[in-house]
Ligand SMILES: C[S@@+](CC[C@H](N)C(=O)[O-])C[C@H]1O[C@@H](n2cnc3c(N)ncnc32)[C@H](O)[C@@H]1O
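Shown below, as structure tokens, is a lone chain in the form predicted alone; questions about how it binds or moves come after it.
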Amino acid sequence: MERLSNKDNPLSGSDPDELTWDKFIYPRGAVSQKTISAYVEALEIGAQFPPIKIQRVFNYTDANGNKITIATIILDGVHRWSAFKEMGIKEIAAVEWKDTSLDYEENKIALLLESAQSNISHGDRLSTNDKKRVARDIALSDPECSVRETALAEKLGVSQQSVNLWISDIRARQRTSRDSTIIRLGRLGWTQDKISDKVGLSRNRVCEIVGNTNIGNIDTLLAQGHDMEYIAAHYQMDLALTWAIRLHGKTDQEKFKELGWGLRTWDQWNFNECDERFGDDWPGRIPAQLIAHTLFYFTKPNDLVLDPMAGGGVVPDTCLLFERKCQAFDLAAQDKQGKRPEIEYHHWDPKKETWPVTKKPDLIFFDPPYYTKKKKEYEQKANEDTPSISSYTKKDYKQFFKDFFTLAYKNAKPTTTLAFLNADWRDFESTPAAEEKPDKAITIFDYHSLLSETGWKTIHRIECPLSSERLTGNQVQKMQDKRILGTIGRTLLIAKKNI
């Protein structure tokens, strides 16, 4: 086959069977069988076609949900490719857009734009509906608006007015979501420079948005009979932020009452269920009410709370409600999904003595994995390079806490409070109580000893039991038959620096 010159990278012959038609990247809603048939007839009489445009990619998931190490997708020439496949021809002239393999997930917008621009200049021109679909796909994939409407119009060969009309609703939702993120981060104590870096806006624009936190009249909508879920959706905010705005300026006691939480006066906090309004579904999720009580007794408004293992974000949500600042970190930060912009990635390796907190906290609320409990769930959130501590041996697990408590002590103020939530975790699930082996257990006494060894003095022990209702009647009967002693205990240790 004749090799035709091309302004892109050098030509090569490709096997049509090894190329992928990616229906997200390729801008046409459907191919024309009439065009394919015409190309087949042309091939039968020896016609030569321009090369198709392709691109090698990695980090690719195929249409069946299978992860593929390397794929070669078609950017331009699906009709030609289809004709070659129909003819059974095993080589088609192709040119690569870039001469290096690209990360598919990081370059989806660029790939889509290149494919769209290639398809408006020859062959079956893109229809208006195809161009509209491309514009909306790009807008949905580009919440930070890195591709401006002028650039979209130029690539698609349409007016900017058309692009504005096609994507105005998407951009409006994204602006509201972005503003909510800015307000959330501002209320949690992020600096405007740091927020600016996070959302890609100028510091002045961030300052304007942070100062404009009175989003509508929530009380008016409530008076009209709407609930908070409706109001959150109306303003396109998450529910926790909506509650925080509604309750802003009220006392802690008033907030407990508005949220329907009873305020416990004693050192036993029974909360059988998590409040679904705050925090995401996550392994080992804890009730927001438990955190709220800790904030009530051991902090005051505007204090800084450190959450070193934030998980589903229930601590920052609760801090938002009670007007405390918060810095939150996690090994499996959800920021890539856009759900939890306030949770920053950090792998705690206390031996390296890395302390990512910008200010010394007033409270450290530490709710780590309870030894090997939920080991499988936590391992799914981690990776080989940064394993979850729930996969550690008992020796390494205890050493981790000793190192962390030491690191926290060095970086705390004399007045810092450490609230450490954990539970006894024993080898009881299939073992009679009398036959349990101590070397397979971690108890609250171990944590208390580690705190004492590293300079912390425990001042309160608050019992926060788990619900026994999580076990079925059959499970309870089997435990009784085998004399297995389960555990529903969970303890919050409150410690201060022992100065």
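From a predicted model like this one, the values you see are computed outputs, not experimental measurements. Each residue number is its position in the shown sequence, starting from 1.
A second form of this protein, the form predicted together with the ligand, is not displayed here; the remarks below concern that form.
- You can rule out all but one of 217-225, 195-203, 312-320, 84-92: in the model of the complex, only 312-320 has residues with a heavy atom within 4.5 Å of the ligand.
- For the options 257, 248, 347, 339, the residue carrying a heavy atom within 4.5 angstroms of the ligand in the model of the complex is 347.
- Exactly one listed residue, out of 109, 423, 239, 331, brings a non-hydrogen atom to within 4.5 Å of the ligand in the model of the complex: 331.
- Contact annotation: residue 179 falls outside 4.5 Å of the ligand in the model of the complex, judged by heavy atom distances.
- The shortest heavy atom separation between residue 186 and the ligand in the model of the complex exceeds 4.5 Å.
- The ligand in the model of the complex is approached by residue 286, whose closest heavy atom lies within 4.5 angstroms of it.
- In the model of the complex, no heavy atom of residue 77 sits within 4.5 Å of the ligand.
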